[in-house]
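As structure tokens, one chain now follows by itself in the form predicted on its own.
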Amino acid sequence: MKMQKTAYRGRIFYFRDASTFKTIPISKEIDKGFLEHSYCHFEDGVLIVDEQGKVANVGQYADMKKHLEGSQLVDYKSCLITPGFIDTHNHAAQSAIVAAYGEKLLEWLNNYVFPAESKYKNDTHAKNDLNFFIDLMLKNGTTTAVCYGPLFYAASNIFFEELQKRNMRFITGNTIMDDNSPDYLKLPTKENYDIAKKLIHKWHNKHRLSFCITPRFGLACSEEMLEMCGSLAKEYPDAYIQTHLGENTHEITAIKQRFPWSKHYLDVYDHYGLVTDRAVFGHGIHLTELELEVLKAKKSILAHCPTSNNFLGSGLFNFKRTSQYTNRITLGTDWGAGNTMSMLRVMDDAYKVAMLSGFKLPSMLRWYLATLGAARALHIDDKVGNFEKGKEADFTVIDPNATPILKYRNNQVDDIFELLFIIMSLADDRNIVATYIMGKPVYTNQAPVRGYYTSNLMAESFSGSIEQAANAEIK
């Protein structure tokens, strides 16, 4: 069957390539002049995706009718079509211990995380658990993530295989550790190195996948292991790096005792060449000015994870202070300690945490952090993050009328600023109608969808329900 373009009609919102922290409007009252050009909002718009799964065109439906000839049309009337969310910090192997009760970070790791991760020695368990994780992510409208993978080679390889089957743009790697952890999880430096090398050669920059060098955090790695990670970073400069930083005050104290030569926590990573513009540091709650200056100079990325910080009582991220040093701030669920996979819930908690420090975090800025801002920080904004022509069509469809309270509030809303705010404040996975990867449905609110599909719809307006519209593409 000959492939054809597909057009998705609905309320469309995304940020333009030209948008920055400084040009994103704080509120509708100051959305004037050049500021309004930092984003695109079409109340009745259409997104056209070509046969290769890339954005062919986007605009007002009334102006785009001439471009629809030969295309199938899926009508998501009253729904918001927006780029898929990007989660910059989560843990694929921790689904089994989400919402584990009442521990601080270090105790929580020993009592819950390490025993759960040891089960990944069983390949059947690994495949089932990892597919649950991916399904849940897609159900929440997340299409890209920076993720801590399992420790073991077989389980990490399974993870890459399952991600490739979904055709996801994804950044992950085997979690590396050899100290302050149970013997059943300790792997020698050479074995960790060999696992990483084997995964890099097989998966890095293959399909839509990238490898991430992943030392769990300073306390879990010997100096020999950190040196090995630094060697990998030099050997593969386009690989990503991820670890934890300044999450917990007890952790910071322990780091100082373990590395007495260090100026501060970040200096430990910097000493081994792990602070680069491709390094993603989770949390960064308790950072000194010196650390912020280093992050600024090295253009490193911070993943703000408010839901997990609140759950573990780790502290409050000071967005206003941090953003004075760097605009490379992103958002992460920290699934595991974080008790939701929904980036909408993360955006909501980010607002509340900022309010506790006296700063009102704007709606559009939060949405930017979870879409184009994250893509830009990760150097993939030429591929995903918005609907500019030629980019990969990863997007999610959100129904603001899916729950009674949100439907009621939506009836009172008359601008995009307030619509985004109430969606972030009140929506969850029930509002996600569908998630698309490269223009193909990988989740609808009926069931997760695995594999690749083509549509037998004729090139005409689809007049069925939202559920039917989403499922009509699945043969």
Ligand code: GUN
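What you are looking at is a predicted structure, and each value in this text was computed from that prediction instead of being measured. From 1 onward, residues are counted along the sequence shown.
What comes next is about the form predicted together with the named molecule, which does not appear here.
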54, 144 and 169 each touching the named molecule in the predicted complex (heavy atom, 4.5 Å): no
Segment assignment from 73-81, 396-404, 100-108, 319-327: heavy atom within 4.5 Å of the named molecule in the predicted complex: 100-108
is_contact(residue 304, the named molecule) in the predicted complex, heavy atom dist at most 4.5 Å: no
In the predicted complex, residue 247 touching the named molecule (heavy atom, 4.5 Å): yes
Distance check, residue 216 to the named molecule in the predicted complex, heavy atom within 4.5 Å: yes
Interface membership of residue 343, the named molecule in the predicted complex, 4.5 Å heavy atom rule: no
Contact assignment for the named molecule in the predicted complex, among 181, 174, 140, 94, heavy atom within 4.5 Å: 94
Of 266, 337, 347, 86, the one that lies within 4.5 Å of the named molecule in the predicted complex (heavy atoms): 337
Neighbours of the named molecule in the predicted complex among 289-324 [non-hydrogen atom within 4.5 angstroms]: 308, 312
